[in-house]
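Next up: just one chain, as structure tokens, the form predicted alone.
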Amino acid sequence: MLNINSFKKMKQNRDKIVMITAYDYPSGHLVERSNTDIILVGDSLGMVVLGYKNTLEVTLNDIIHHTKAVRRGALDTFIVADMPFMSYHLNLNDTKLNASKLITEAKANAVKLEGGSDSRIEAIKAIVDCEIPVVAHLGLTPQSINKFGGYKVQGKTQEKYNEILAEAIKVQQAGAFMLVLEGIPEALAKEISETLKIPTIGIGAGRYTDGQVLVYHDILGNSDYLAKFVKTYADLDKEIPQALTEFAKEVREGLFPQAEHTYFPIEEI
């Protein structure tokens, strides 16, 4: 299994890091077979597999439950678990306890949290002080959609550009070993990636980050909404309904099951 030192070396060697967001046993198992470097169990599970409108309803228990399932499918892959909304916002004791549960109960290797404000910097420091690796997340942070007024690209003005760049430096100083950059201009992601010693992972952040992450379902075309930055590599939204419709048709026409799908007494075999 790769570790935080592996990712530092990959950045130094300019080897791109591959991260895929997955949420259950079968997706974790298939991602591990794909030779992916990191699995992220993101709070996006709320929207992708639980049907919520955003990530804000996701609980710590949801993340623990899904991370356990992914771990059972991906025994040898480095797993990062998201810290959901309000699991690191109230006080540092709760923050450390919640982070520890994702390591001890869910069997993640690291946790991820969003934002670069002063309170987020203190949260990163507190978690790292517990010997837990932390991935930071800047730019379009989905837990801040009410503050942003929706899912909007961040860092487009010079003021916001400078703010995100400064926050990136701060999260590195706080001890984060990796940084996810989401929904920001390519030029900003490039400058951050060239400035920091820790690796950056882009999602809607252009071509110059140290790695890329996409959601399992988005990659496979099995998603209700695909953002501009998503490239699909399959069309399961088409193929799955076709397969299910064919099954229903064969049942109704008496074509399934056939003899090869049926058990018989020993003397008839």
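Start at 1 with the first residue shown and count on from there. Just so it is clear, the model here is predicted, and its values are computed rather than measured.
There is another form of this protein, the form predicted in complex with 3-methyl-2-oxobutanoic acid (KIV), and it is not shown here; the text below is about that form.
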item	value
In the predicted bound form, Lys112 touching 3-methyl-2-oxobutanoic acid (KIV) (heavy atom, 4.5 Å)	yes
Proximity of Leu40 to 3-methyl-2-oxobutanoic acid (KIV) in the predicted bound form, heavy atoms at 4.5 Å	yes
Contact label in the predicted bound form: Ile164 to 3-methyl-2-oxobutanoic acid (KIV), heavy atom within 4.5 Å	no
Partner proximity in the predicted bound form: Val180 to 3-methyl-2-oxobutanoic acid (KIV), non-hydrogen atom cutoff 4.5 Å	yes
Option from 180 to 188, 154 to 162, 67 to 75, 100 to 108 whose residues, in the predicted bound form, bring a heavy atom within 4.5 Å of 3-methyl-2-oxobutanoic acid (KIV)	180 to 188
3-methyl-2-oxobutanoic acid (KIV) in the predicted bound form: contacted by all of Phe7, Val18 and Thr200, heavy atom 4.5 Å	no
Within 194 to 216, the residues that have a heavy atom no more than 4.5 Å from 3-methyl-2-oxobutanoic acid (KIV) in the predicted bound form	Ile203, Val213, Val215
